[in-house]
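Here's a solo chain for you in structure tokens, the form predicted alone.
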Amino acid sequence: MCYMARHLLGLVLTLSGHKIMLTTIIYRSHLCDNVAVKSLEGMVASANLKNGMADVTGILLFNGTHFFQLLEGPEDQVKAIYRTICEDKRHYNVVELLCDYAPARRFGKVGMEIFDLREHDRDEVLQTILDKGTSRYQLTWNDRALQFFRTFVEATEKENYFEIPPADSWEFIPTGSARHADPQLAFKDADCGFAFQPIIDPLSQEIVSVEALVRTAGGGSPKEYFDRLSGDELYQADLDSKKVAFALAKDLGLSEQTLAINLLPMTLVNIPDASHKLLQMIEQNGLVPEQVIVEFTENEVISQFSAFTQSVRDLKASGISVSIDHFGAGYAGLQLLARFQPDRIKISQELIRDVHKSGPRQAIIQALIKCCASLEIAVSVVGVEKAEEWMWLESAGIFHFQGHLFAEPCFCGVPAVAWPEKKTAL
């Protein structure tokens, strides 16, 4: 179908009230070592045919190692083709850089055209890409999608490409056995329990700290525990529950281990002298403030920021470390960093999920790492479930991890850790 016919079809569908959503996807990937470069011509010819049948157009760049491709067309067709591309075994480390929408195609006359950057002058390629444009307006480098082209051609982002191996190149081998405590012996008649989960440095095989996660007395979720409470009752229960956490930690033999606990931010504000009461609980269980990390989540709106900030200062002055938990999933992450600097942040699972495949997530996390490095704030991540997530984050410069990939939370106990072991070739 020629460009004019496609344009007329778009007008007809628009006038009939069924406007097609035009989608643009840009990705980069790495050619597998066992794929001959000379086979690219056949690959492109096949892609050109398939794209034409699906009314999808695009441009492919290749620099001898990496592919960079823009696909445009109806949303369903573009996403279907992209799913097929992701499953193609001839390349790996497929990273989606952009998924956006536009009123018209940039490259309506191209089914699939390849530029081998090793055979063309850089400026020549950039100008040719502009000349291929078919939109009603002159294409310029102000266009966001085209800025990705320029960045790839000029190779200004290569230092941020982390080439991770396949997930099955590692084994995760549990070491030791879980330790359990009797909650009734540790703290009788408690209305809550705790599950413990380690934060680890996988490559050095070190447990950095252990987090105490609140549960109902029967092991139910934190939501179940807090849903029955309201108002100041909720904040009082939040603070009082730490008596159980510290008692269980003592019973589990964690007296020499760094221990992380969670507090709702407004608990410090709404409960008088909450910081002092927390210190008393720590002392009563044979712990010292310097081994305790208080983690605040962003998920609750902080309505009295000055009072909260002063309470945090009191905690830090006593020797307790402070962390922002699930950073990036709540309301005030950057504001918290600006108003007071925590000792560490834990990046949210929502940000790291499938990070190895997402350019936007990679860019955000790299920016967070750089920001925290400037402020001397330690960075860890929570919710790691896939080996590829861990490998990419480790490559980016994060070394402390928490998640089911290594150890699931253990109710009234400390789980065994599954440490990564590199598989050896047979």
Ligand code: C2E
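From 1 onward, residues are counted along the sequence shown. Keep in mind that this is a model prediction, so the values were computed, not measured.
Another form exists, predicted together with the named molecule; not displayed. Remarks below refer to it.
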*Taking the shortest heavy atom distance, is E72 within 4.5 Å of the named molecule in the model of the complex?*
no
*Any non-hydrogen atom of K250 within 4.5 angstroms of the named molecule in the model of the complex*: no
*According to a 4.5 angstroms non-hydrogen atom cut-off, is R215 in contact with the named molecule in the model of the complex?*
yes
*Is there a non-hydrogen atom of E96 within 4.5 angstroms of a non-hydrogen atom of the named molecule in the model of the complex?*
no
*Is the named molecule in the model of the complex near all of K242, D325 and G403, within 4.5 Å of a heavy atom of each?*
yes
*asked:* Just to be sure I understand the contacts: of A47, L61, V382, L31, which is the one whose heavy atoms reach within 4.5 angstroms of the named molecule in the model of the complex?
replied: V382
*asked:* To verify the annotation, which of these, L264, L254, I282, V153, has a non-hydrogen atom within 4.5 Å of the named molecule in the model of the complex?
replied: L264
*Within 4.5 Å of the named molecule in the model of the complex, counting heavy atoms only, one of 284-292, 220-228, 312-320, 153-161 shows up; tell me which.*
220-228
